[in-house]
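Next comes just one chain, in structure tokens: the form predicted on its own.
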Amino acid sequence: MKKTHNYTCINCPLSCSLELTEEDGEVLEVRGADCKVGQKYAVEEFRNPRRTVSTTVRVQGGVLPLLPVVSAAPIPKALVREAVRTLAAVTVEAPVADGQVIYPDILGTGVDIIASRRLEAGVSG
């Protein structure tokens, strides 16, 4: 039985409206993409949607109380909420270097969570 899935491409400002038709898990057609990137996006979104995680963790002994962190690569979309909950329990000690691994291999994905800025030691308020 054929099914249609609708997506909005997020790879460029055009935000193409994509329509993917599949049957029994096999992609038959992608319509609406103005470029190959959009077509690839629809197929990836159907087969294995992934997202970059961006959040903050607590800092002890830093000039700021929170440190922005990001996943070094996208993780499966289904794990994003659990990853953010996991990171909400993390506290790091200042100083922290930009790109420093804060949480290795989040949820067994093989993806590290890294600091997205440098944070000096000092008194946080």
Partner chain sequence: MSAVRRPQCVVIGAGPAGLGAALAAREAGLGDVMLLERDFELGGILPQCIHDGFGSIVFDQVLTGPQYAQRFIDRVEAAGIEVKLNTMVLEMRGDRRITAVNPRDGVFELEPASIVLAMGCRERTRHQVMIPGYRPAGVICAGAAQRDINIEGLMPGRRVVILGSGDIGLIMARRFTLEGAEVEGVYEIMDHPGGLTRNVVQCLHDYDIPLHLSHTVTFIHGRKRVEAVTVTRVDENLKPIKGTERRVPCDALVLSVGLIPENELSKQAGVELDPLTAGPVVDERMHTSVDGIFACGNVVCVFDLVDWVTQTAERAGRSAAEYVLEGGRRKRRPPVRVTAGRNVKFVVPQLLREFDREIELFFRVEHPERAARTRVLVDGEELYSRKAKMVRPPEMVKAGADPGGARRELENITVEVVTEEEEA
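Numbering follows the first chain given and starts at 1. Not measured: the values here are computed from a predicted model.
The same protein has a further form, the form predicted in complex with its partner chain, not shown here; the description that follows concerns it.
Undergrad: So in the predicted bound form, is its partner chain close enough to K77 to count as touching (4.5 Å, heavy atoms)?
TA: Taking the distances in the predicted bound form, the answer for K77 is yes, it comes within 4.5 Å of its partner chain.
Undergrad: Is T86 close to its partner chain in the predicted bound form, meaning a heavy atom pair under 4.5 Å apart or at it?
TA: No, T86 stays farther than 4.5 Å from its partner chain in the predicted bound form.
Undergrad: Flag T109 as yes or no: does it have a non-hydrogen atom within 4.5 angstroms of any non-hydrogen atom of its partner chain in the predicted bound form?
TA: Contact check for T109: no, nothing within 4.5 Å of its partner chain in the predicted bound form.
Undergrad: Answer with yes or no whether R47 is in contact with its partner chain in the predicted bound form, where contact means some heavy atom within 4.5 Å.
TA: Contact check for R47: no, nothing within 4.5 Å of its partner chain in the predicted bound form.
Undergrad: Between the options V70, L28, A94, V90, which residue brings a heavy atom to within 4.5 Å of its partner chain in the predicted bound form?
TA: The option sitting close enough to the partner is V70.
Undergrad: Can you tell me which bits of 12-39 touch its partner chain in the predicted bound form, meaning any heavy atom within 4.5 Å?
TA: Going through 12-39 in order - heavy atoms within 4.5 Å of its partner chain in the predicted bound form - the hits are C12, P13, L14, S15, D34, C35.
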